[in-house]
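Following this are structure 1 and structure 2, which are two forms of one protein chain, each written alone as structure tokens.
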Structure 1
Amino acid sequence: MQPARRLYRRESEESRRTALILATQELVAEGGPEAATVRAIAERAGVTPGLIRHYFQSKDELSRAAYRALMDGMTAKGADAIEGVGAGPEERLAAFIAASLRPPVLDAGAVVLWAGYMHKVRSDPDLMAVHEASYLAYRDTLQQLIETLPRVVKPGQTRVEAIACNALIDGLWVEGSLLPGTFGPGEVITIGLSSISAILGLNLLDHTAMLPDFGKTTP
């Protein structure tokens, strides 16, 4: 007697692709790149391995799509953070910074996922372009927020400041995600805001009244 053939439902191309991409991201985040095999991805997405090749020319193409989705998602979350907030320049900048240093952006899985793709980014010009575009877009948003601040600046100053603030946020993002027990709740945000305040010569901690999950941990 033959075992019953697996039942299935047809679904849209988009939902299949996103399910496969999501499964890939989850597996890389949990177990590193080598855990994201076609069989594991298919199982997580609720399909059989062969279907991956129906929607992606190769596993590598699926990997690239997953990386693109990761980067797009992270920049989108940054843009969201300054969407629903007031018009004050300091307030908007503080909200943008805080959003990058709080879950779901501040997350060990996200860091592992990002790190897992790093060598592919270096070796694949296509992914390198995605990385560079994403990095520069984030930095550019940061720079525009900085330029709206009520200050007098020298030419070229805001570019350097944006690079520094970006690096500071990146570093806090990595260490805050990897060693969460080393910092108190909200401490990473506080450190980010105070340090960037020092770099820019202002005080962002006075503009955090509206931030979620914040206030109880600030002095």
Structure 2
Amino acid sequence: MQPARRLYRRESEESRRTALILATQELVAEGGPEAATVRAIAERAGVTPGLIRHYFQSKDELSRAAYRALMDGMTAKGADAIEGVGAGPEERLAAFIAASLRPPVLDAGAVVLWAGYMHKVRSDPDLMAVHEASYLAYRDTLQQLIETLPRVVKPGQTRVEAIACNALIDGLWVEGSLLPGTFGPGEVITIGLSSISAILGLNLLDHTAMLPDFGKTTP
């Protein structure tokens, strides 16, 4: 019975840690980083303020963990999408891009939360490090997918392409999340795939047959 008790305790601690991160994210999204006080986080998570110290050394550490969870979660959604399609490099890239431009990644709350952290990034070196690591993780994944495409490229070309594609996805993510009524069904994904196709010199729209619900939502 002893191993079972240890498993239950580990799961309980992970659940509480997740609850604290979610509470922090909600408060930052509602009122900015200043709204995420220790007392407010504890109240939102249903724990005592002192318990936060058990999981995080400081409120700043918890704040950075909440931001990391947001950013890494969006990259993970793209990685999960790759697993659900075939082995073709164009299809895998299309799946990764589409997952970045549809719910749950395409979400107004996520953009508001992201924006809430932006003004602190320049003044908090540790938060900047989290931001940089998350950005590079997504961009590197994008670059790796681009490098598998059947093309002849020049040295350094795929890095530049990944930077350009990442910037395009970021812009569509912000506008598609905040102004969903401005776009038709599937239009954000279609624009993203078409524009990135132009950057890379191919047609990713020819490789969308296996993308979840793509045919149902694209005009």
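Fair warning: this is a prediction, and the values are worked out from it, not measured in the lab. Definition used throughout: the rigid core is the maximal C-alpha set that superposes within 1.5 Å between two forms. For numbering, take structure 1's sequence and count from 1.
- Pick out the form predicted together with another copy of the chain: structure 1 or structure 2. Answer 1, the form predicted together with another copy of the chain.
- So which of Thr182, Asp72, Val160, Ser58 is at the hinge, taking the rigid parts that turn between structure 1 and structure 2? Selected hinge residue from the list: Asp72.
- Query: Which angle, in degrees, describes the smaller rigid part turning against the larger between structure 1 and structure 2?
  - Reply: Comparing the two forms, the smaller part rotates by 18 degrees relative to the larger.
- Item | Per-residue CA shift, Ala45 (Å; core superposed between structure 1 and structure 2) | It moves 2.4 Å at the C-alpha.
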